[in-house]
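Only one chain comes next, encoded as structure tokens, the form predicted alone.
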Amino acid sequence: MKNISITKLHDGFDIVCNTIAADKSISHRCAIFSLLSDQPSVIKNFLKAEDTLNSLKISEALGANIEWQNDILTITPPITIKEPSDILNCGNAGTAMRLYCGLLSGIDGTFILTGDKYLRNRPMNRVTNPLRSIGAKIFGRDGGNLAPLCIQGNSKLQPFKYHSPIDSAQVKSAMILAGMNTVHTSYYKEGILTRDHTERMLTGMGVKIESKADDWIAIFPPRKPLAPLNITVPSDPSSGFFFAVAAAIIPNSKIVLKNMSLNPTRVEAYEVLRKMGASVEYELKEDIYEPIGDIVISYTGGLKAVTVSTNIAWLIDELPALAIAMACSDGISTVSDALELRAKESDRISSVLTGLKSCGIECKEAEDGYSIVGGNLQKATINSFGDHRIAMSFAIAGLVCDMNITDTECIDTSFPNFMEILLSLGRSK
């Protein structure tokens, strides 16, 4: 088991960072959506982390040809997706498992998806139940809720009109992929708009996806192979957010995060940090598949407490890091309507509060969130529970008070150069 120790940073930093990990959500989708074309897709800056490379290996196992030339990835799809001879391993990636469920449910063949010990305990019925309701045959532990999952693909899925009780981009993406393999138009609705990378990318590839006035999304099955992707994956704002928090809580600090996705559904955590008192500025550079540009975050003095209860789906991944900012703020911060935190790589409500209490921070757990009383973080030993965002969030806390963190191999699943950037903060001046 790998452990790390973080030393308090005694001086502020002023740094331009152009090495934030490429966006994981978009990289997963590049590996998966490339299978839908009949021509090679060219992807620059694909995230070379365990999670996304597992998605790419699955694409290869399904018949794609994978070629690397420096930082350029070319994925040549098979004429038809083939039934693999082995189990498809998603590692720690819930995105891969749920999106592949949607895709493979509509393809003739037998497919078995598994993952590591953490992923095998994450709930999958949010995807498997609606897919089975339209004719997919999916079997697994706990009635199909837990991996390994066996999918008996069916190329004649039924069109659907599904109002999801869960606001999840993964559920939405799975159902859109399934809807592309039906005979007629399907409709999907969510409570609030979740991340829309799937809609943006598939529309760019030629799928007709329309947002209706009553918030239903219409998915029109394509009648011909999709156009290939030709995309440069932007940097991941949820990865950059760890360092945004560092700049916001360490006096005399400033960071410029280069080439980030500025998709409105991806920068909500930065907006919360702005409400807390940090300086946050956006500089748009391009807007093709995604708006891309720079984010500048500066320390402006002590942060103030904040209430987070809306647009939760837009910042669900950043809430552990935001909890560190809340612990360093003045007043009592609250998070609510975030039950989805309990279904992540760990139960992040429990994991975050267990860590904060070890650091001497007063906090209180609720079923769908928590409250945090700002104070002075103290050195502690933190169990990451195998969750990369817990590990990295408390590594940022360590810049304030020193920190020991256990079980940190998980960081490599999403952000292989995280420690390199973290260490560079102390060398920036």
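Note that the structure is a prediction, hence the values are computed from the model and not measured. The first residue of the shown sequence is 1; numbering continues from there.
The form predicted in complex with ligand S3P is left out here; the points below concern that form.
In the model of the complex, ligand S3P sits within 4.5 Å of a heavy atom of D167. Contact check for R126: a non-hydrogen atom falls within 4.5 Å of ligand S3P in the model of the complex. I81 falls outside the set of residues with a heavy atom inside 4.5 Å of ligand S3P in the model of the complex.
Remark: S414 does not count among the residues lining ligand S3P in the model of the complex, judged by a heavy atom distance of 4.5 Å or less. Only one segment in the set 328-336, 156-164, 312-320, 221-229 has any non-hydrogen atom within 4.5 angstroms of ligand S3P in the model of the complex, and it is 312-320. Residue-level contacts in the model of the complex: of N181, N259, N263, T95, one residue has a heavy atom within 4.5 Å of ligand S3P, and it is T95. Along 176-202, a non-hydrogen atom within 4.5 Å of ligand S3P in the model of the complex is carried only by R195.
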